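A lone chain, given as structure tokens: the form predicted on its own.
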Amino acid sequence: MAHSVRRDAPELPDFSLLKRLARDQLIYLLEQLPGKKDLFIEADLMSPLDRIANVTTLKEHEVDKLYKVEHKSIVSTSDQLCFLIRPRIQTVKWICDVVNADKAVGKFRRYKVIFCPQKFYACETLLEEQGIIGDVTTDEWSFYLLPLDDDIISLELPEFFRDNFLEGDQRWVRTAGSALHLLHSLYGPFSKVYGIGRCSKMAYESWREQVKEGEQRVRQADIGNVFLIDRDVDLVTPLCSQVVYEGLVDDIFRIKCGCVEFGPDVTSSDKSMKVMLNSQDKVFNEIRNEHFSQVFGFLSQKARNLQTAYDKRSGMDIKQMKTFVSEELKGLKKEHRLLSLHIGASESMMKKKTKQDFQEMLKTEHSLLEGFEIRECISFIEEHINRQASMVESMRLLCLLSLTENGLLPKDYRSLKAQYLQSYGVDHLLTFSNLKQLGLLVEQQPGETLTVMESRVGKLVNDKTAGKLTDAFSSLAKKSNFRALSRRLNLVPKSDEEYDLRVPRDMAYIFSGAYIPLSCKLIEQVLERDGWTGLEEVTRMINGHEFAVTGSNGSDPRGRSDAQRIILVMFLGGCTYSEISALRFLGKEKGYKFVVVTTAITNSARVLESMLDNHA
């Protein structure tokens, strides 16, 4: 509970070192091509690059013009071209076309290709096949980790989720292992590593290999424990509507690389504005983890406090006024500007989210999570599809229904799929195939009999909120892992008493008290038990690959006590802002500090858009 918060949480390490290392290495690579050069940057590297080295820094190191990689013929007249790209076949093919086009007209230039964060064998093979391996120099910019905030670090690899979990392409696993190795060498040695999921196990093994290859040195650890978790261990959480402030901003405005663009409706002017959202923004820092219903009260109180601070000027003499202007006014003005932005954003979100449709949707979500009134939920989803409301939202509800019921009854599956294809187009047949392959939207197989019915029928008959008995039986048509996990770990708090969002009592507050995210609950349980002992049934239902390793390190145990309470959680496949808020809450409760490392920040729309087959 809020009043029992432990105040002795340890200080976080300084992750700005990661930025400095990345910037220094990039400068070194650029200087290896002396003289003026034009730099071509892949679109999804532009925002991360901007956080590391701005245009002025690049110009200082003789970068003349900057271009975005657009896969068409280039207009650069420079004699030296530098390409900063992700290791993608399509982009390498385009570079080959650029070089061969120059050769065809007898134009001589120097070319350098910098792969970020690493080059793959397939890319070099293509350069060889196209006959230009001797004309270009290749290099790697080992820019694995971008600190987005004091406790959030991103690999900025949104494609990791689709590549690994859908395509079975494991090329990024070594990248995750290298990122872990970098953190270990700067902030380790780690004394305990826990993990769950096949990808986590492989990333851990890749990291251990790199540790064996490198030299060991004993140093004072800044981070004691590490927890690796695959995104497919918990697919329900990223599909839930986010209702904490930061998550809601991400769902509606899309936070990109820690930065959000607020439109004219928020800025109360005729132009958009880009805002960096991190702990430096004092207003945002105080509301980011709050449930949205609490935000307006806080912002209005803040506005009153600000007005009081401004009003102090009235009774001042000249000396006091001079001190006020030089010391306080600038800070007050900045706070005032940020406050008006967040009030504008809140109003804009309020208009969208207080509509009846959104309230109905939340009610449906909560019913799905609790396993009640499933027929009514299906009717709501059908209506949503038939009204041709948001395509992605309809898909999200279908996936939530399937995940929480552990598959749809064959007649429901066929009916809902047919309605979806009629509403949104038959080209989504491929999307359904992808969702099925990943286990997000599946049909229950015939022959799956009612399980554990005897023990549950009595409860269902007596439960007023269970709805029709037929629904109760249909939800029992197979053993539902989500339901069983939910009961075993108490993920859905009992709804008999009112949940006070002003004083949250557990991590469920991030979903209005309806559901504790499975990913965060697993982390809490493993830290409490110091391993997976007692959670065997849970790991069996999740499909295992769990591990817990205690490393030996020679640093002083007294110095380690603070490090032991800093836990690095690595999400492979993305994590949501809601999960980060839940871990911050858990940290306050237990006296831990969590550092979240993720392949990318995700949400329901990003997860589902990566399943669409116009993606590639």
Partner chain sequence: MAFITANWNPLGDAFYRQIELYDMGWSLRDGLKDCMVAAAPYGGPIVLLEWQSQRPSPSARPQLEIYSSSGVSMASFPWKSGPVRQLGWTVCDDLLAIQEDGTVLIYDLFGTFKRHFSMGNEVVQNQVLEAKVFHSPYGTGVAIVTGASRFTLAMNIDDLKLRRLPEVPGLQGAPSCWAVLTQDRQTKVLLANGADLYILDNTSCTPVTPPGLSPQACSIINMAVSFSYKYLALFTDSGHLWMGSTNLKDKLSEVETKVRSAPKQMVWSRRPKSQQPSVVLMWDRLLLVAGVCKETIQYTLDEECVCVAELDGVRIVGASRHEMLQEVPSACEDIFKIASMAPGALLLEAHKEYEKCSQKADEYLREIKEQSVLGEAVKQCVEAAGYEHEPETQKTLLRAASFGKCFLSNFPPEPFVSMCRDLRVLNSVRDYSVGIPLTHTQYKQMTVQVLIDRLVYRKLYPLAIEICRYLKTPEYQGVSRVLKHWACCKVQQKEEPDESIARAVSVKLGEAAGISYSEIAARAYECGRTELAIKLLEFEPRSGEQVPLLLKMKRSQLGLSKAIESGDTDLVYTVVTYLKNEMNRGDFFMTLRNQPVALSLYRQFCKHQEQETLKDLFNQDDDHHELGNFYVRASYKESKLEARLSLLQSAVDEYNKAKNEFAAKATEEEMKLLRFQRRLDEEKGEALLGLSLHDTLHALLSANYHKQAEQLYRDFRVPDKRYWWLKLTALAEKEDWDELEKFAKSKKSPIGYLPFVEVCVKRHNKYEAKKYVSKVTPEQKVKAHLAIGDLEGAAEAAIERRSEGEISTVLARCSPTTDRALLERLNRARSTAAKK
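Numbering follows the first chain given and starts at 1. Note that the structure is predicted; figures quoted are calculated from it, not measured.
The same protein also has a form predicted together with its partner chain, omitted here; what follows describes it.
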So, in the predicted complex, is residue 385 in contact with its partner chain at a 4.5 angstroms heavy atom limit? yes
Give a yes/no on whether residue 425 approaches its partner chain to within 4.5 Å in the predicted complex, heavy atoms considered. yes
Close approach of residue 167 to its partner chain in the predicted complex, 4.5 Å, heavy atom: yes
Considering non-hydrogen atoms and a 4.5 Å limit, does its partner chain approach residue 536 in the predicted complex? no
In the predicted complex, the residue from 421, 409, 74, 484 that sits within 4.5 Å of its partner chain by heavy atoms: 421
Ok, 530, 79, 129, 261: which has a heavy atom sitting within 4.5 Å of its partner chain in the predicted complex? 129
288, 393 and 610: each with a heavy atom within 4.5 Å of its partner chain in the predicted complex? no
Only one of 233 to 241, 115 to 123, 147 to 155, 400 to 408 gets a heavy atom within 4.5 Å of its partner chain in the predicted complex; which is it? 115 to 123
Residues of 74 to 92 having any heavy atom within 4.5 Å of its partner chain in the predicted complex, listed in sequence order: 89, 90
